[in-house]
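Given next, in structure tokens, is a single chain: the form predicted on its own.
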């Protein structure tokens, strides 16, 4: 279904007023892809002031979200529909925004300004599908193709370079050769695009099912978006544990991580420090000592440049910092990792480490054993989280008041609580009030202090 009931009401309102109205762009593309749930954008022949009048006359709330460029948003309950007057864009000055727009009367002229053929289709109940640039054929052939001259499209708006990669990754489509050639030759224009815009597209790209192929094939674009990755390209790893250079290992690890933006972002950055610390011994074997700590600082630099949220930055940097810390898998204490970095961060750490291992040399028995052990740690972490296993002082069945009531005071209260937590985490005492108080009473001294 292309049109929901609200969209049909909007199109009918414009038709009744003597204007053309179409669903356009992504919702039409998604119809042919067999997916649903996205936003419905609408293009109309009515000028913006008339659009607002038609919406008001039909009881729709109108919000001027981009009136300069002919865009009004209709709000119907919790749903919103972006309505834009048919337009043609003028010249672009900044590789992103047109200097001016002019309103036109036909839908074909409006579609001609759009980025890719799969996004340059329209639909109305009366006229059916409008597809002047072959978008349906490109969907059938699984191609991303620029509308018109691809070089011009990317010079107009360089963010389209990242969008092309994003669509290739998420849809699993190839990029048509001329479009590919143009975006590769123009990737440096991304320097003119805001880091926030690039970041938004990058996160979507990373979560695509075709992400490995895109990251490898379009290395120059990815490195234009994240310059700190450039040193990883061609950085060999002459070690039995690896069979790819650092960049290709990164790309493979990204593809193995759960398709969650922050986890895949962590994998994109997890080995970013390796080229800076690489050392080759006399036997020709490469070593990357301390690369995780160095990579964590670089990851922080990348994320600050993208103006990522503090929450995302902290989570990703933590995962990069500790991703190499689980080498002796058999000695890992899940509750102690919970206590060290938090339960969710620990589960995430195990997941990214598993993705990292899957991108190692799978011919090594040791790698396969570590993968099996990591899967067991993930299962244990998930179980402990579900059981709400204690790993913080606040999770204990006693608190500071209980310790004070037994005669302890000052800093000793905190020391005792931490000792109790250590015993609970070690499995030496159950986390119930009776057992904990019993331990305290058994260890009280004549001076009202505790043997901790």
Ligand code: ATP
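Residue numbers count along the first chain shown, from 1. Predicted, not measured: the structure shown is a model, and the values here were computed from it.
Omitted here: the form predicted in complex with the named molecule. The next part is about that form.
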Distance check, residue 157 to the named molecule in the predicted complex, heavy atom within 4.5 Å: yes
The named molecule contact at residue 26 in the predicted complex, heavy atom, 4.5 Å: yes
For residue 300, is any heavy atom within 4.5 Å of the named molecule in the predicted complex, or not? no
Do residue 217 and the named molecule share at least one heavy atom pair within 4.5 Å in the predicted complex? no
In this chain shown alone, the residue from 136, 358, 340, 204 with a heavy atom within 4.5 Å of the named molecule in the predicted complex is 204
Find the only residue in 186, 163, 278, 195 having a heavy atom within 4.5 Å of the named molecule in the predicted complex. 163
Which one, 305 to 313, 249 to 257, 318 to 326, 106 to 114, holds residues whose non-hydrogen atoms are within 4.5 Å of the named molecule in the predicted complex? 106 to 114
Taking the named molecule in the predicted complex, would 41, 119 and 167 all count as contacting it (heavy atom within 4.5 Å)? yes
Would you mind checking 239 to 266 for residues with a heavy atom within 4.5 Å of the named molecule in the predicted complex? none
